[in-house]
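Quick setup: one chain, the form predicted alone, written in structure tokens, and binding and motion questions come after.
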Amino acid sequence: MPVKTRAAVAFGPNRDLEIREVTLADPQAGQVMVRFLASGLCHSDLHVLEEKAAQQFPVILGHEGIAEVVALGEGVTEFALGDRVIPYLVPDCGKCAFCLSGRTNLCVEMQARRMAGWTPFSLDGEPVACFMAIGSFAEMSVIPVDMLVKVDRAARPDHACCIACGVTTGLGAALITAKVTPGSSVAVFGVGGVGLSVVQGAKLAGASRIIAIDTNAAKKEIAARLGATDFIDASASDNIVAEVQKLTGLGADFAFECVGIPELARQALEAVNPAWGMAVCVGVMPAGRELSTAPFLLMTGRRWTGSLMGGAKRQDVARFVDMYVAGEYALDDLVSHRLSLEDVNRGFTMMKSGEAVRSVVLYEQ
């Protein structure tokens, strides 16, 4: 039987989310019903609210979560009741050309499901969209099995929920997409939750110089604790590219744009070594924006690439959780605020002001 659950519902762009009781459908074949323990607030959710990404309303946002399995759909054998799981927004169908290639984390089902518009949620008999087929701003949800991964119960929910998106995106960008090498130099443009995870990924890879760049000078101390060797205050710099070159000689070996600003992505490209430097676009850029650069910047050997969720598959998410539990990287500085579901709008206000590094919603159990 369908169940009732509380959720923060966005009824339109540029409006506060409203706490409502919605109806959640039973899991169908190949689906699992979960009860969330915690959910992170991500800039991708904010992009929807600010009309920087196409989305049908009303919608239950949230895609950074950790949960427990409470019901299984027909034919589900991969999970059992009570399993601790993390939803991951990139499906892993195992059948499409992308999945079978072994060369990418992209799956055709990611866009196909988004376009299909199926949702397990309804309110007063009308459908409520489920963002990224996850909807972790609801206390419960129904999610396809190929978007779930079982994780270690030793991982703290308030920390581990962030691994589902921001941490995986940052660690993966450094370790999987760019494959940062020992002794290399790295420049990170924007050190919010994702950028700080790139910093930690670069440190894990053995980079010798890690340059954190941000307009918020207060990020300097946090970035240093997580592995940054240098900090550039972008608000006080006349030429960030020149400063990176001064610190690295001919430019950084790797640079990561973690904000989602096309002009910043170009600066990242200009800041890398002209012969072998790699610039990675990590931040989600607003719909309709374009990237541009002088062709000669690429002719000498620079590489400019993108990174979808750090190039990670759901198995990598479980691996990153294991690394966190083993103490290989820390999340204490990343999670700055813990909120109730009723405070979710304050979380977005703090995100926009820069007060919060990462806010998480904790659900009562």
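The first residue of the shown sequence is 1; numbering continues from there. None of these values were measured; they are calculated from a predicted model.
Below, we turn to the form predicted together with a small molecule, even though it does not appear here.
J.: Any idea which of 190 to 198, 91 to 99, 154 to 162, 243 to 251 reaches within 4.5 Å of the small molecule in the predicted bound form, heavy atoms considered?
T.: In the other structure, the partner sits against 190 to 198.
J.: Name the single residue among T293, N216, T181, T229 that comes within 4.5 Å of the small molecule in the predicted bound form, judging by heavy atoms.
T.: The option sitting close enough to the partner is N216.
J.: Scan L171, A279, M132, V282 and let me know which has any heavy atom within 4.5 Å of the small molecule in the predicted bound form.
T.: The option sitting close enough to the partner is V282.
J.: Can you work out whether R314 and the small molecule are in contact in the predicted bound form, taking contact to mean some heavy atom pair no more than 4.5 Å apart?
T.: The answer is no: R314 has no heavy atom within 4.5 Å of the small molecule.
J.: Even though the small molecule is not shown here, does R302 get within 4.5 Å of it in the predicted bound form, heavy atoms only?
T.: Heavy-atom contact with the small molecule at 4.5 Å: absent for R302.
J.: Is it the case that H47, even though its partner is missing from this view, gets within 4.5 Å of the small molecule in the predicted bound form, heavy atoms only?
T.: Yes, H47 is a contact residue.
J.: At 4.5 Å between heavy atoms, is V259 in contact with the small molecule in the predicted bound form?
T.: Yes, V259 is a contact residue.
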